[in-house]
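A single chain, nothing else alongside it, follows as structure tokens in the form predicted on its own.
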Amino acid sequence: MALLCYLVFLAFPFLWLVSTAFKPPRELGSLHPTWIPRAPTLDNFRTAFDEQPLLQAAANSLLAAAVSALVAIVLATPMAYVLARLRTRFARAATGWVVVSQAFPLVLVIIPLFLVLKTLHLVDARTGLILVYVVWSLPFALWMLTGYVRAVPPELEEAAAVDGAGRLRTLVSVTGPLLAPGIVATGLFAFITAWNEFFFALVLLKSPEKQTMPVVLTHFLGAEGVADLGPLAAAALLATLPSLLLFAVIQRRITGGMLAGAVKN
């Protein structure tokens, strides 16, 4: 029962978003709202595209999310391997610091980050935003990948070494394939985190043509905070779909159980 209530709680915002996106204005202002629109319309989507540069914003978000996730994975994978295999105080302290850094609020780091990027002439630049996303997602990616590396039995690497495989060949041929599901899952979370991020993009990007999708969605709010509800819901639905589709596609690979299958064998 508790699980069912939790699932309903999670599904409610998305279902409300879908319902609102297809409702005409007279139904949005109705005193007796319904879940299923009586006269579904696509006008909210046309208005959203006419009023705001959604395609440009989506391209900006896609670029920032994809590049930052890729760089974070490339940097975090070897670092995670070292932290997982080393049994020293330094490794334990570094892992603990990574976990603690996740508790830092955004407002704590935004001023130092802004000053550093300003010195590097990277304020209001896509490169600066990508750099911030990499730094912000790297601790979480490192923490996740460290757990995946520890799940790989060291005996497999020792057996490969006994068979004459070098260190590099062992990492590429034995450990690497077993880490593939973890790398994909970590990259997915890094991508979604950057895709949905709002605060850094709002502070660091000022040029309209460089703004990301979460920032552009705020433009549907009027000067007095009154939302243009129909177009806002339509634009928010479009912004949500890439994350859902990406997760649905990659989830099949994650649940493929490459790691579990290898350990069983």
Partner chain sequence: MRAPRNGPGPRTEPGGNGFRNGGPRRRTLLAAAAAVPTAALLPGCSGGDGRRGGRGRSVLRFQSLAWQKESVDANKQLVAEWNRLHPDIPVQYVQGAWPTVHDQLLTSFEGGEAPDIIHDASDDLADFAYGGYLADLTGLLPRRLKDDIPARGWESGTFGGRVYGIPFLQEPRVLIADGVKLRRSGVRVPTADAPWTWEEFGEVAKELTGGGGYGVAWPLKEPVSVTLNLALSTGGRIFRRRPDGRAEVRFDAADQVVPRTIHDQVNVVRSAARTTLGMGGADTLPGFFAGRYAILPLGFSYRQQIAQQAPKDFEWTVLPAPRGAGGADQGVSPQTLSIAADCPRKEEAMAFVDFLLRPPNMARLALGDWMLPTGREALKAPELHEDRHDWATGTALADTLRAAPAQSVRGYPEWKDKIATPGFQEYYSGAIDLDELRQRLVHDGNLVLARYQR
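Positions refer to the first chain, counted from 1. Fair warning: this is a prediction, and the values are worked out from it, not measured in the lab.
As for the form predicted in complex with its partner chain, it is not shown, yet the points below apply to it.
Exactly one of the stretches 145-153, 186-194, 113-121, 88-96 approaches its partner chain in the predicted complex with heavy atoms within 4.5 Å, and it is 113-121. Contact check for residue 236: every heavy atom lies farther than 4.5 Å from its partner chain in the predicted complex. For residue 43, no non-hydrogen atom is located within 4.5 Å of its partner chain in the predicted complex, even though that partner is not displayed. Among residues of the shown chain, residue 227 is one whose heavy atoms approach its partner chain to within 4.5 Å in the predicted complex. Taking the partner from elsewhere, residue 34 is found to have every heavy atom lying beyond 4.5 Å of its partner chain in the predicted complex. Exactly one listed residue, out of 165, 178, 130, 138, brings a non-hydrogen atom to within 4.5 Å of its partner chain in the predicted complex: 130. Along 204-218, these residues reach a heavy atom to within 4.5 Å of its partner chain in the predicted complex: 206, 207, 208, 209, 210, 211, 218.
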